[in-house]
Every structure is written in structure tokens, then in C-alpha cells.
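In the form predicted on its own, a lone chain appears below as C-alpha cells.
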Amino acid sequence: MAPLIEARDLTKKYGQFVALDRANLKVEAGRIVGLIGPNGAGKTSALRAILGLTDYEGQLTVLGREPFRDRTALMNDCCFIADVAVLPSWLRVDQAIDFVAGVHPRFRRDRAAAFLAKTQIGGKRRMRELSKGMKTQVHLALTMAIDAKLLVLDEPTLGLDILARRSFYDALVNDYMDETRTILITTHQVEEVENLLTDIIFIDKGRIVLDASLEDVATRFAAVAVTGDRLDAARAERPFYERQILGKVVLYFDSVDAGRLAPFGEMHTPSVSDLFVAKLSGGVA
């Protein structure tokens, strides 16, 4: 089966600035993928290309379509939640539902109503009367009510408190995600989403640093807490990153046999956030 999203040598330039530099990535169907990178790494440019909002160089297919050329058709099967509120302040919640129902052929009013019924948001309330968390819930309700194959989220919980963020992701996983759908998330709050993800894509300075499933991460990467007397021998195995913590040096390895690393100290699979720092930093922290 062809990937849901596939980019080859994807490049985007703004004048002399290269936002995407020959990026290659794949997203398979039925996955929850985190596109993770620091500010200015190229995440937004990648999303804009995937959604058909900007032109680019290289090859890109999304749901079997070329996004910039076939954006209207693509939007029948793709939804997007941005990092900022886009609904006008004067709009009532029920009017927002009426609008999306009128413009999108795959919108299900009953699903939007069912989601909002779990909240404290009444249909007659205007957007200006809602908190940021409530506005995000309205956006999510409108989006989840569309029978789409791909949901793209750009920093969807930016500025929300921890309870609102947890509620958002619980609804996403429990009420929206199934084996027929794919979710692509960009976020700086890596720790909050890493337990949801099936795959990670690290991007830095417009280039893809890592594109892997969490299953591959567990077998490929290892972090070892090494004491001083074994440090030279451990470093001989060529770690790609090391950091000091609690009197020990933690070394990070890529594709080194676990049997060779076990004698050096306590070994574990790095978290997504730790692996992100290690892959983008390199050297010694």
C-alpha cells in the first residue's frame, strides 16, 4: 500500500532562506505521527506544503494527490486545526456548525453535537464569550465531525492549561482516531504527546533528522548510564550524544548491539523528548 504522505527532496525557499531542504518523509495510513522540531525548523512550511497552501520544489503526494494542484479535492479527505483561533468572534457555535455543514459534503452534524454535548458549551454562545480552551473544543468538534482520512494539527493546544490539553488529546484518541484515519501533529510539548504517537519525524533546519516508528526507536536506540571507570570503553562504541546526570554520564547509541552495551551500565530506551534533544544536539551536553 502506498504511503498516505510521501515527500522526496521536498524543498521550499523564501527568497534566499531555505525553509525545507530536500526533505524526505513518509507517513503510513492509520498512524499518529509527531512532526517535531525547534522554532524555525520547517514544520509549518512542511504542513503548508502538505495541505496545498504553498508551492514547493521536489515531489509530494498526499492521499495520492499533488496537494498544490489538487487542493480542492484533497480537502474532501483532509482536515486541519491551526495553532490560533480562526472562527470570528461574533459567530455563534450553532452558526459555526451550520456553516461547516453547508460547505463540507462529509460533515456529520450529529457527531459535532455529540462531542459538544460532553462540554459546557451551549450552541447560542458566541466565540468571543468562550475561553481559549473552549474555542479549541469547538474547533475539534467541527473537525472530528468530518469523515476525513487525514487530520493535521499544528500546535493544537498552544496556550491551553494542562487540564484542557489532556481533555483535547483524550477526545482525539478516544472519539476520533481509528484504523482508517491518520493524524499528523506538530507540537513543542513533546512529553504530552509521546505516549499517543506511533511514529516520529524530527526536523531541523529544513532537513529530516529522523523518521521512524516507535517500535523502531525501541530496537534501534539505547541510552546507557555509565560510571567513570567504564567511560572510555563505552565511548569506544561511538555514541552520538552524551550528557551528565546525577554523577554519571549517559551515552546515547544508534544501532549498536545491546549485548555490547549492557556491561557498561544501566541501559534503557530514551524517551522521545530525550532522543529529540540528543539527535538535534549531538556531541556533549
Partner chain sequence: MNTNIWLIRREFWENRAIWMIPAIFGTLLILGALFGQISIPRLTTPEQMHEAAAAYQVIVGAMFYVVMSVYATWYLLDCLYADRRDRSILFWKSLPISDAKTVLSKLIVGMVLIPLVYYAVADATALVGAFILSIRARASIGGALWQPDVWWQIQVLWVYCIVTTALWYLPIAGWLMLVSAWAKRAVMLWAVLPPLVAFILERAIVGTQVIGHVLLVRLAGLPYVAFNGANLEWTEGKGIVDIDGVPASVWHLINPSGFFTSADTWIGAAVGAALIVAAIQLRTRRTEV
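What you see is a predicted model, and the numbers here were worked out from it, not measured in a lab. Positions refer to the first chain, counted from 1.
A second form of this protein, the form predicted in complex with its partner chain, is not displayed here; the remarks below concern that form.
Chemist: Pick the stretch from 252-260, 30-38, 236-244, 51-59 whose residues have a heavy atom within 4.5 Å of its partner chain in the predicted complex.
Modeler: Of the options given, it is 51-59.
Chemist: In the predicted complex, which of the listed residues (S167, T119, Q95, Q189) lies with a heavy atom within 4.5 Å of its partner chain?
Modeler: Only one listed residue qualifies here, and that residue is Q95.
Chemist: Consider the chain as shown here, without its partner, and state which of V86, I162, V173, A114 has a heavy atom within 4.5 Å of its partner chain in the predicted complex.
Modeler: Here the answer is residue option V86.
Chemist: Just checking whether H104 would be counted as a contact of its partner chain in the predicted complex - the rule being heavy atoms within 4.5 angstroms.
Modeler: Contact check for H104: yes, within 4.5 Å of its partner chain in the predicted complex.
Chemist: Taking any heavy atom pair closer than or equal to 4.5 Å as contact, tell me whether I183 reaches its partner chain in the predicted complex.
Modeler: Residue-level check for I183: no, no contact with its partner chain.
Chemist: Is it the case that L153, even though its partner is missing from this view, gets within 4.5 Å of its partner chain in the predicted complex, heavy atoms only?
Modeler: Close contact is absent here: in the predicted complex, L153 is far from its partner chain, nothing within 4.5 Å, heavy atoms only.
Chemist: In the predicted complex, does R71 have a heavy atom within 4.5 Å of its partner chain?
Modeler: Looking in the predicted complex, residue contacts with its partner chain include R71, since a heavy atom lies within 4.5 Å.
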